[in-house]
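A single chain comes next, written as structure tokens; it is the form predicted alone.
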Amino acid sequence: MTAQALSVYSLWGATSLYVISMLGYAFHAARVADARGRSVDVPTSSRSLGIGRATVIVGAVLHLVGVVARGVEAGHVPWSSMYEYTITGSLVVIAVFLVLARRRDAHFLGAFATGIASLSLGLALPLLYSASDQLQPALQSYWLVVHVSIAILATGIFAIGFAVTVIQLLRRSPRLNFAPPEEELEAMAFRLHAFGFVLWTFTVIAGAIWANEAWGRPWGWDPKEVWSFVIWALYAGYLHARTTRGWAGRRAAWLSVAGFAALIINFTVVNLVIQGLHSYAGV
């Protein structure tokens, strides 16, 4: 079996397992919500939760195999195109979730994390896939490893932070009483976003250094540069409002939602519609 075939088959297998895991976590969340609604003992474990946990771990292993095999096939780190960025970024989403799950009971995030990963892979494999190729001259730099890897880590953390924020905003609904209280969700979202913001700040700085080496200027109002700064400004506004302006609760949460929306626009519209120096190859 070639590295290309191994990568594609592994990623499709991971996608299928993530869907099963999402359903397992969702069924368990429904049981918890029902028990709390009837004021009976809340189940801490169930067969559906066990299925969710087991399949997400196996899926993560297959996902990792798929990403590594793509790197072997390409002969370089697997994040030089939209397809590679997506398969690697969705792996980071799952990794962040698994790390949280080891430190605390984060099953309420399971359906959201596996949903994001399965949707990302389910779209990337048929729509964004491109054959591996030699790197463009501008990408033949160690900054590809440093700058883009940090951006991927930040994106994965922001994605989980977004999921926590969405649950926080919807927590008042009786149907979402499987999750922790709003205050706990808000604190978790803040920590995730703060960590992601530090990484994104480094991403912007490293991008400016790389741009100066590649194009002779650190800033040129390229669409990707502009949107990266917009994302940074929105998350900075969220953290500032949350810490110094007393914007606790829903007002600050909407700022972080806007930041994630800008992140999605940066990855989709800016890459696919707006032409610039950062346009991804193989799309």
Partner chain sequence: MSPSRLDNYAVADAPRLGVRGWARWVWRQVTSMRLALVLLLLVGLAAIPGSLLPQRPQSPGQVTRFLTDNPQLGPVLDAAGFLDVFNSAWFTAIYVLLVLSLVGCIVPRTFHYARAMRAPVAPVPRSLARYSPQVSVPVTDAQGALEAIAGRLRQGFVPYRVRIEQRSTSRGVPQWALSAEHNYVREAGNLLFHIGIVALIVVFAVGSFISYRGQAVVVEGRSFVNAVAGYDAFEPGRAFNPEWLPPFTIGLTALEAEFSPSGAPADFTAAVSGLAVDGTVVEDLIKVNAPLSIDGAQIFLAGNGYAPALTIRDGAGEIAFSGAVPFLPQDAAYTSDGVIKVPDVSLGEQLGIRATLLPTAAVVNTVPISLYPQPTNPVIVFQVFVGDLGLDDGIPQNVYVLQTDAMEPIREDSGEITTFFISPGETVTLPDGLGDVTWDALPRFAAFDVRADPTLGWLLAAAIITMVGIAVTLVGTQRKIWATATATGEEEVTLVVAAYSPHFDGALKDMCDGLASVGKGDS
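Numbering follows the first chain given and starts at 1. In this text, all values refer to a predicted model and were calculated from it rather than measured experimentally.
If you look for the form predicted together with its partner chain, you will not find it shown, but the lines that follow are about it.
Contact check for Gly71, Asp105 and Phe260: none of the three has a heavy atom within 4.5 Å of its partner chain in the predicted bound form. Heavy atoms of Ala30 never reach within 4.5 Å of its partner chain in the predicted bound form, leaving it off the interface.
Taking the partner from the other structure, its partner chain in the predicted bound form has no heavy atom within 4.5 Å of any heavy atom of Ser173.
Within 4.5 Å of any heavy atom of its partner chain in the predicted bound form lies no heavy atom of Arg250. Using a 4.5 Å cutoff between non-hydrogen atoms, Thr243 counts as a contact of its partner chain in the predicted bound form. Between the options Val58, Ala233, Leu64, Ile51, the residue in contact with its partner chain in the predicted bound form by a heavy atom within 4.5 angstroms is Ala233. Distance criterion of 4.5 Å from any heavy atom to its partner chain in the predicted bound form singles out Ile205 from the list Val145, Leu98, Leu123, Ile205.
For its partner chain in the predicted bound form, the listed stretch (162 to 170, 187 to 195, 110 to 118, 74 to 82) containing residues with heavy atoms inside 4.5 Å is 187 to 195. In the predicted bound form, the residues of 217 to 238 lying within 4.5 Å of its partner chain by at least one heavy atom are, in order, Arg217, Pro218, Trp219, Gly220, Trp221, Pro223, Val226, Trp227, Phe229, Val230, Trp232, Ala233, Leu234, Ala236, Gly237.
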